[in-house]
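Provided below as structure tokens are two forms of one protein chain, presented individually as structure 1 and structure 2.
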Structure 1
């Protein structure tokens, strides 16, 4: 058994899933998933299509309920208080949707207002800069933004709302290598502020560059998890392929 598989979620974890089961009709999506993410930790959730990565994200956001097991995020039970969970959690999808006629700053103001916050504009500028958005882009219309710039506004939303948990779904898909590396550095900076980061991805390079730990899902089960430190991208790829091939053999 790989390190950590089947370990119950601990009370200190910012993200805690314990023996979680979820099916859609007769099709199981998650089968006994137990996983933790600690504050200041980045965990990359790896697995082929249909492995259960997106289902895990939806459960943690309280958009769906587990059939069995416990799902906690930011110290709250996602089934009991989904609104509270979403208030303390930031989510960045594969494509961050911004209002194209508003600037990056105006978009951030709007999203903060939706959450009942009205931070000073100077503080929001600081959050956009901390997220890596170039100073000259802050007042430009979002219609002119690249995907990488949109992702950085998403990071700024997480910083502005002081989220305890950041969930990401394929955040570097479609980014060029330079933009992806820049985004990885930003994620590390966010985690250093105490945020727990769970990133669902197919990108093994992103996992090796940004994550502290990888968790590999196959057919709804956690089949391996290990620290990334000391693993090259090629070594991680070998681990991933070996684990997945053993599951389908």
Structure 2
């Protein structure tokens, strides 16, 4: 097991989970998870289905409460002040669903307003373009958007928020490889501005491309975490499969 596992959350961490337990009925989802993400760091949360990745994200957004342990994001306790946490946290779900009768621009305008922001429309257009949405689609109704286009609006929503923490749940799902690569580059740029990024993903290539560190979950436990620097995608895949297979064995 790599060093650092189970370390208590440090005060400088933007995201900190400390000995977090969460069960759904008799089924444990997380078992003593401790994990930190520092500002300017991108951590990829890897693991098979049911490992607890999405539960971790939901706990960090305050949508769920941990049975035990402490969940902090952007300096706030997610169980105590979930609304405050969400105001300082940007989030991109696996499937971005938009209001079909509103245009991409109107969707972005609304989500920004929910977060208390009212940027100028020109600024919002720029953000949609930066997220990769074609210019001619910006004023079209979202009902006409492909899954990838909706995902790009979701990315624009998250980036427009300029939050201290960015939580991603399979964010490149539905994006073509080129758009996914653009998105990974964007993530690096965002992190360089001091944002802490936690990305739940199955995509080892994405993790290798964008993350500084990977944390591997299996059956609700953090079984490995290591720096990505110097690892190729193939090496990362090898580590991942070894860890998971050991765990299963």
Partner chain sequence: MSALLLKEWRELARDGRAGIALALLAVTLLFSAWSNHRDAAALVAAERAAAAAEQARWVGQGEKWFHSAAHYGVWAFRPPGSLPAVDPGIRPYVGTAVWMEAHWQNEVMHRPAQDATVIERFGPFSPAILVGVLAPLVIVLLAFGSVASERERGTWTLVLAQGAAPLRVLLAKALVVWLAVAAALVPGLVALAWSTQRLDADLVRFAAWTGLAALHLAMVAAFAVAVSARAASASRALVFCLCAWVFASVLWPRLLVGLASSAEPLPTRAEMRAAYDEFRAAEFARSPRALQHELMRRHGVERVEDLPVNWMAIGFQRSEERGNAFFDRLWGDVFERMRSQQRRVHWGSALSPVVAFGTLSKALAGNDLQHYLAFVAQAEAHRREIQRVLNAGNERRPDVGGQRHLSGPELWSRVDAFRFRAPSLGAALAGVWPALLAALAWSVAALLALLAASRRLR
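Worth saying up front: this structure is predicted, and the values here are computed from it rather than measured. Numbering follows the first chain given and starts at 1. We call the rigid core the largest set of C-alpha positions that still match within 1.5 Å between the two forms.
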Correct structure when looking for the form predicted on its own: 1
Comparing the chain between the two structures, one rigid part rotates relative to the other; which of 125, 63, 148, 162 lies at the hinge? 162
In whole degrees, what is the turn of the smaller rigid part against the larger between the two structures? 15
Shift in Å of the residue 136 Cα between the two structures [rigid core superposition]: 5.2
